[in-house]
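Coming up are structure 1 and structure 2: the same protein chain in two forms, each one given alone as structure tokens.
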Structure 1
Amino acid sequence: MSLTSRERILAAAKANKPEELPLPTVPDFGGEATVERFTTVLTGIGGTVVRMGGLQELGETLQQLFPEARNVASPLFRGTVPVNRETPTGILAEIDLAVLPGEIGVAENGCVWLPEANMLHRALPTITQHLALVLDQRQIVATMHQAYAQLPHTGGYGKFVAGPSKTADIEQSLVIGAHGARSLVVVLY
């Protein structure tokens, strides 16, 4: 029986497969895992950090920060717009404020890990006008290496969010909210 070109190539690749090697050990790059460092960096890239005494203050805090928000979506409380994975993007585009629970904050770059399970809809963190991420301040780590070490290795979608959307690629003029939320507030408790 004659092998096809495809079968010969696949057989050759399989026969010459190198042995599997362990991943290298990544050193601890240190750094400060402090709320102050996280706040300084996030503020420097256009975000805002607000501290609360506890989750019971969330409603009042959001009302003070976003008094004009009418269309609100959140898994943390009953928002004015119910959102799930099937919600059309046209409805998502009308959301003034999305309030989502973050999982891990990173002090070195002011970002917050947001897994898909916390987003309600994959597009919501990007398409909303304003994004508020609620984060337990004890979940702030110093570096991205430390953050990645805490992520589950089960796959799935998620993203690190840092600051509001911005671009300066057109005549070096900074535009906020060009490709996503116009503002990002991280609410720490």
Structure 2
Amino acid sequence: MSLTSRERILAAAKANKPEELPLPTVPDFGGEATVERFTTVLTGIGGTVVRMGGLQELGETLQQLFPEARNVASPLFRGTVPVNRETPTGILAEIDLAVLPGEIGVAENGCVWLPEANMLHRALPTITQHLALVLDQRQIVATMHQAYAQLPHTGGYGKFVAGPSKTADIEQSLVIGAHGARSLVVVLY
């Protein structure tokens, strides 16, 4: 009876692997978990940080930031387009602005953890023209180590988002707005 590829690969890996080596412990390196650091880094990579007093100011803040947004989707308030995981692609493609709650901000690199449960639809954070992530400033940690320490599991799908979609594939010229959201605003409260 011939072996399957699975059996052959596993047997070869077992036969050819070196003697077992220890798994290092990853320390918590500490670091600066401040709004200032988060803001500086995120601004440096093309994102925007806006601060507001509390969630009750969200509507007004968004109105000022995105006065022209017509098709808005959000789990935080009743948007102009209801989106759920069944929403057809054609409707998603017309969304101007998605306003989604972020869960953890990382000061060292300006990224925000966005779990599936906060997205309405998995494609929404990238298919929308503009993305606003709403984050409690007390949820800012210093490094990725601390962020992952708060995530026992990343769920079915989830991502760290650091700034707007961008590319430098044409002669290394930085262009904001490749395929995903053309802008990213993190609204801190």
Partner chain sequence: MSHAIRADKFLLDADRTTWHDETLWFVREKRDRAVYAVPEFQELRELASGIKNHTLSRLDLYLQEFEAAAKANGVHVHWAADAAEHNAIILDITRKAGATRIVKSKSMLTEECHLNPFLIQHGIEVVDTDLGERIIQFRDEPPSHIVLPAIHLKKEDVGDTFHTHLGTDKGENDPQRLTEAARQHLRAKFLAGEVAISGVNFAIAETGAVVVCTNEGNADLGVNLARVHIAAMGIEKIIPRLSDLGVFTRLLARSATGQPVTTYTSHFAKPAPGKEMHIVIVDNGRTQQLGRPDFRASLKCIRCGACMNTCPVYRRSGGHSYDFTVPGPIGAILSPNIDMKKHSSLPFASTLCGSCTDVCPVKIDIHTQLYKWRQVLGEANEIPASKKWGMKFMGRVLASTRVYGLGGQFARKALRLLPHGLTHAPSMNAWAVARELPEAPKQSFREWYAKQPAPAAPSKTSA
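Here the rigid core means the biggest group of C-alpha atoms that line up within 1.5 Å when the two forms are laid on top of each other. Remember, it's a predicted structure, so these values are computed and weren't measured experimentally. Numbers given to residues start at 1 and step along the sequence of structure 1.
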Two copies of the same chain, shown separately. Which of them is the form predicted in complex with the partner chain? 2
Once both forms sit on the same rigid core, is the C-alpha displacement of Ala168 at or above 2 Å between structures 1 and 2? no
